[in-house]
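Form predicted on its own, single chain, as structure tokens, below.
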């Protein structure tokens, strides 16, 4: 799962990246970090089954250069497409700290959020104009009245974007979604808004109005102080609790952001566990057992026979895998079984 972090200048997105990526960046630094997703269910499985290691699902966060309204849009498209073309979702950082924004104006998170959303829309319009030139030529060359589904789809999408609405707010059929894959549109992806507040406003009072705008657009949002979070991650474990108590923090907000970001995609998490490893796996919702087995290893998909399945609720109630077997909560499912969120699987396969 890949999530670029986008924001206007001085929004604090690089500081947030540093906080989220703490301990998961190479010594040389960089703009990509594979971050484990906190998972209480996996923690419980590991505590009970006692494997040698735990493998969490991960998110690859990408720190993208700030979006500037005065930059060349062609250059922006080239810059963004390489970093975000295969993104699963977006994380949008909005400044809610200090007194002045990146243009020297009074702080206004609502205005900055609207500006950032507009910049993303304008970028997608530029992508359509650039990449849609071929479609336009082909449309003009068609016979009058001949169907042109891609041109019709782009024409409808262009009007939607010009009204400053996101592409994902439109409905597309499977054929249209397939055609859109090559465009790499930013506004076709789900997004999480993070309001980066000051350490004197941890409840986010200054961004309350902006949060209403995000809610109206169907965008979930979180509030945190990125600078404070980054400092927390750099502290020794023994000093962290005292520092958090000083600011009245019960939990590290960065972990909440990671979990919320992970929940943006329409996916389910299933688990495997043996004496060596407890592992969390992510697959699209609606994935069959055989395809899920291929996520673990291609040999399991090719030689798939059956899947032993226990739901997490049944496992939690039973107390262990062995107890779940004794209680007849482990069932055999075929290749067409649709994997459910929280399932614990053991794949039977032939080599």
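Residue numbers count along the first chain shown, from 1. Computed from a predicted model, the values in this text were never measured in an experiment.
Below, we turn to the form predicted together with a small molecule, even though it does not appear here.
Participant: Quick one: 20, 258 and 263 and the small molecule in the model of the complex, is every residue within 4.5 Å by at least one heavy atom?
Facilitator: None of them does, since no heavy atom lies within 4.5 Å of the partner.
Participant: Is it the case that residue 113, even though its partner is missing from this view, gets within 4.5 Å of the small molecule in the model of the complex, heavy atoms only?
Facilitator: The answer is no: residue 113 has no heavy atom within 4.5 Å of the small molecule.
Participant: Residue-level question: is residue 9 within 4.5 Å of the small molecule in the model of the complex, judged on heavy atoms?
Facilitator: Yes, residue 9 is a contact residue.
Participant: Report whether the minimum heavy atom distance between residue 335 and the small molecule in the model of the complex is within 4.5 Å.
Facilitator: Because no heavy atom of residue 335 falls inside 4.5 Å of the small molecule in the model of the complex, the answer is no.
Participant: Within 4.5 Å, heavy atoms only: does residue 227 come near the small molecule in the model of the complex?
Facilitator: Although the small molecule is absent here, residue 227 would touch it in the model of the complex, with heavy atoms inside 4.5 Å.
Participant: Quick one: of 66, 32, 54, 305, which gets a non-hydrogen atom within 4.5 angstroms of the small molecule in the model of the complex?
Facilitator: Looking at 66, 32, 54, 305 one by one, just 66 meets the 4.5 Å heavy-atom criterion.
Participant: Can you pick the one in 186, 278, 197, 91 that has a heavy atom within 4.5 Å of the small molecule in the model of the complex?
Facilitator: Contact with the small molecule in the model of the complex is made by 197 alone.
Participant: Choose from 231-239, 161-169, 218-226, 247-255 the stretch whose residues reach within 4.5 Å of the small molecule in the model of the complex, heavy atoms counted.
Facilitator: The contacting stretch here is 218-226.
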